[in-house]
Each structure stands twice: as C-alpha cells, then as structure tokens.
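Just the one chain here, laid out as structure tokens, in the form predicted alone.
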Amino acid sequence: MAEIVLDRLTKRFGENKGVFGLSFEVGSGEAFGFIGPNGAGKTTAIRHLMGFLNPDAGTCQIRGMDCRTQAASIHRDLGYVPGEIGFFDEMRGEEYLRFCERIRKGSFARRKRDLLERFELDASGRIKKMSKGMKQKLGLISAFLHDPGVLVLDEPTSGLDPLMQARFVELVREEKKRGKTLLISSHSFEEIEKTCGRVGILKEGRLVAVRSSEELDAARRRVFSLTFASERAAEAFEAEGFETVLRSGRRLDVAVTGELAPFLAALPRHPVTGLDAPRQTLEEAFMRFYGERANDE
C-alpha cells in the first residue's frame, strides 16, 4: 500500500524552474531516496507534501489525504526535517522540545531521552548559541520525537559529523523495521545507499528515473589511485585493460564501473605499494548518469 503518492505534480516558477509532471509512490514501511543536483526540484516537491504550496496541476497525498487541503490531519502523524530549519532562537533546546510535545498534545519523555542520548545532544543551552550540527540534531529529535508513522526528511544530516551520520542511518533502519515510511532527500550517496531501497532521481524538475539503490551503486564509477613499486609495474597493470584516468610515474589512476571483482583480482598480480579510493560525490554520480542518458537519447 502506498503511503506517499505524487501524481503528475506540477509547479512552475518561470524560466523552467519548479517541478513538472512529477509522479512516484512510496510504500508502507519503505525508505525512498529523493536525489538530484541543487535546483532539481526536491525541496519544491517536499513543500507540496507538507501542504505549504498550491500545485499548478496534479496532486500529492499522504495516507490517502490531500496534502494541501488536509495538511492539519496529515501533520498529526508526520515527522519533518526542512532543508533550512527555523527555530525560536531565544528558547533553550529543552524548552523547544517541550513546546513540540505541547503541540503534539503528548509527553514523550522516554523517546526524548533515547534520542538525546543517541545524538549526544545537551539541550540545556540556548538555541542561538548552538552550532549548525547541534541545531540539526535538535531538528532530527523533534521530527522523530512523537514516533510518527511517516517522515519527510530534507537533507537530514546536513552539518552532522560522520559519527552522527552513522547514528542517523541506524535510526532509519530501526524505523523501517518498525514499519515507518520515509522520504529522504540527501546529497550523501552513502547515506541513501545504506537506508533506501529505491531512489528517485530528479533533473530540472522532472523524474528521470527510479532505481534500486543496488542499481545506482552498480552504475557508479569509482576511481582508484594506485602506487606501484616501479614505473614498469604501473605500465604492466595498465595493460590489464582497465580505464586509465591518469598515469604519472609509478602512480596510476584507474576508473572501475560496476563489479569490482575483476579489479580486485588483478591487484595481487602486481607490486602495489599504495592504494587510495576517493569517494565519488553524488553530484559526480548525477553527472555521469545524466550524461549517459543524453548519449542514449
């Protein structure tokens, strides 16, 4: 059963800005990744889901309710992290969380304690004195505080260090097991890969593909920097037939797309003295994906 449904959603802002005919569904208990370069339309779509914007055409629904006309009912069981979180800066963090509890008309003491411990947040200080990372933690805690059934998260780990990003991934996995439905917009490929079963890819306001995270990972182009014992050894490895990005003396940069097994099998045959595997950014993955689509067309 689909919990989140966008059906030909269209919103034009002029100069080809907005979203156009956007359609996809997120099933119950699914974490769906929503990715694309800056300006692709992710936040515009999310604001429609929150009921903040009127579409020019099409509809979006959460749990069968219209996101614009029934927003108040939807928000009762919805957790939301906006791309840019606004707080009452004069409040202390703990005051803000109590405020969230009053809005939700409940007390969530145990869950609040667990979330504060998970994200290692001291909420006693004033929000205006908190760092970007601390504010992001507070936003995450407030979104998950009331144990919502559906969560819409726009760049949820922005400003978090790698440890806290890992804690977020753990939390999403736990919530999925409990049957929660999540829509996650992110620029972290690793984050999407670890949390989402399917990924919707936007370009210029249009959905260009929906892929499983495994399919997207298989399409990634990884560049490995290898250092060899000698220039002759580097030349010998180059003869293995992998795509050479750069060769300089004993160093060889090799690009591998898809399965890593052939590349890994070739390494022991050569005197490799150094190996570095820089991460491919999600932006680079987008550009490669879009470039391949353009060539196909």
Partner chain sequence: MSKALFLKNLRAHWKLAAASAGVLALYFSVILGMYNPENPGIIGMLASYKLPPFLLAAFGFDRVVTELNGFLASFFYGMLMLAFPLVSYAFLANRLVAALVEKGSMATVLQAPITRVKTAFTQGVFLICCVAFLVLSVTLTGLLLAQALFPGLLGVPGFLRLNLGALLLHLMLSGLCFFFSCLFSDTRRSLAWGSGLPILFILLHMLAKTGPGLHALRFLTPFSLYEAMDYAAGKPILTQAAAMLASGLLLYAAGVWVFHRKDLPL
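Just so it is clear, the structure is predicted and the values come from calculations on it, not from any experiment. Residue numbers count along the first chain shown, from 1.
What comes next is about the form predicted together with its partner chain, which is not displayed.
Colleague: Applying a 4.5 Å heavy atom distance criterion, does M91 contact its partner chain in the model of the complex?
Modeller: Result yes; M91 sits at the interface with its partner chain in the model of the complex.
Colleague: Is K177 a contact residue for its partner chain in the model of the complex, using a 4.5 Å heavy atom cut-off?
Modeller: So K177 does not count as contacting its partner chain.
Colleague: In the model of the complex, is there a heavy atom of its partner chain that lies within 4.5 Å of any heavy atom of D122, even though the partner is absent here?
Modeller: D122 lies outside the contact set for its partner chain.
Colleague: Does at least one non-hydrogen atom of I103 fall within 4.5 angstroms of its partner chain in the model of the complex?
Modeller: I103: contacts its partner chain in the model of the complex.
Colleague: Which one, 160-168, 95-103, 108-116, 207-215, holds residues whose non-hydrogen atoms are within 4.5 Å of its partner chain in the model of the complex?
Modeller: Selected stretch: 95-103.
Colleague: Considering G51, G58, G29, P37, which brings a non-hydrogen atom within 4.5 Å of its partner chain in the model of the complex?
Modeller: If I apply the 4.5 Å criterion carefully, the residue I get is G51.
Colleague: Could you spot which one of R221, R173, K132, R76 gets a heavy atom to within 4.5 Å of its partner chain in the model of the complex?
Modeller: So the residue touching its partner chain in the model of the complex, by this definition, is R76.
Colleague: Within 166-198, which residues come within 4.5 Å of its partner chain in the model of the complex, counting heavy atoms only?
Modeller: None of them.
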